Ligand SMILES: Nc1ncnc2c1ncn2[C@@H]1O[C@H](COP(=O)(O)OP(=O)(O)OP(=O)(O)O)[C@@H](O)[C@H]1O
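Before any questions on how it binds or moves, here is one chain, the form predicted alone, in structure tokens.
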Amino acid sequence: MDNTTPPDPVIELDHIRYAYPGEDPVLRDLSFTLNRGERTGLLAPNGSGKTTLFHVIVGLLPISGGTIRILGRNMESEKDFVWARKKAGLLFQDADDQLFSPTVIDDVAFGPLNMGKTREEALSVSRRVLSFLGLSEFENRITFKLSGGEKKLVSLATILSMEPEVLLLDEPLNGLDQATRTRLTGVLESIDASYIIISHDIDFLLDCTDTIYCLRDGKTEKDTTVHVHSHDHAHMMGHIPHQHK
């Protein structure tokens, strides 16, 4: 008897195509599936379309071809994507694009309030998330006065407070010192969510993901080949520009 759990797709992209106006397609007939419980890394050079892909998934950019399904639901209208953005939390590469409220607690509570929770419920879940991230003392801090790394962690809190089923994390290490990087790695290892991480840091991806893909010629590719390169060592994805810490 086969007790293998069947795949449970949370994100399905079928033959996706996207091009910025007047330019060649960034995403070309791209197909990709993220199943529940999977933790995937995405590694590629700047300008290859990684951030574009995330924005397409949550409907911030309209595709010109293909099909997007989130948790089995076809994304056919803005109403569908509004629903999807409550299920798939996108961490922007620049935290200043994510934070807009005067205080940290206001920013973190905004999502739960927008999802229909009462003020008391939103504050409760926000404080729980801040505590989980080690940010309890940040509750009344002024958002724009935070450091870059602090803003990044608060941005993550704004997503986690919405209790998403999948996370899309765009360069989450940007602006973080080593201690905060270690802290974030521990957080990602302990949360119960499927996710995709965009990062140039191969060591971080190897620590936090089970599978690494590259984005090449507008399509995702799973690379199982070991490449030797200029750091005098060898590992998977060595042909893609990346960083080591």
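Since we're looking at a predicted model, the values are computed, not measured. Residue numbers run from 1 along the displayed sequence.
This next part talks about the form predicted in complex with this ligand, which is not shown.
- Only one of 62-70, 28-36, 43-51, 203-211 places residue heavy atoms within 4.5 angstroms of this ligand in the model of the complex, namely 43-51.
- Looking at this ligand in the model of the complex, residues Y20, E23 and E171 each place a heavy atom within 4.5 Å of it.
- Though the partner is left out of this view, N114 does not reach within 4.5 Å of this ligand in the model of the complex, counting heavy atoms only.
- Within this chain, Q98 is remote from the site of this ligand in the model of the complex, having no heavy atom within 4.5 Å.
- By the criterion of a heavy atom within 4.5 Å, T103 is excluded from the residues contacting this ligand in the model of the complex.
- Residue contact check for S131: none of its heavy atoms lie within 4.5 Å of this ligand in the model of the complex.
- The single residue of 70-104 lying near this ligand in the model of the complex is Q93, the criterion being any heavy atom within 4.5 Å.
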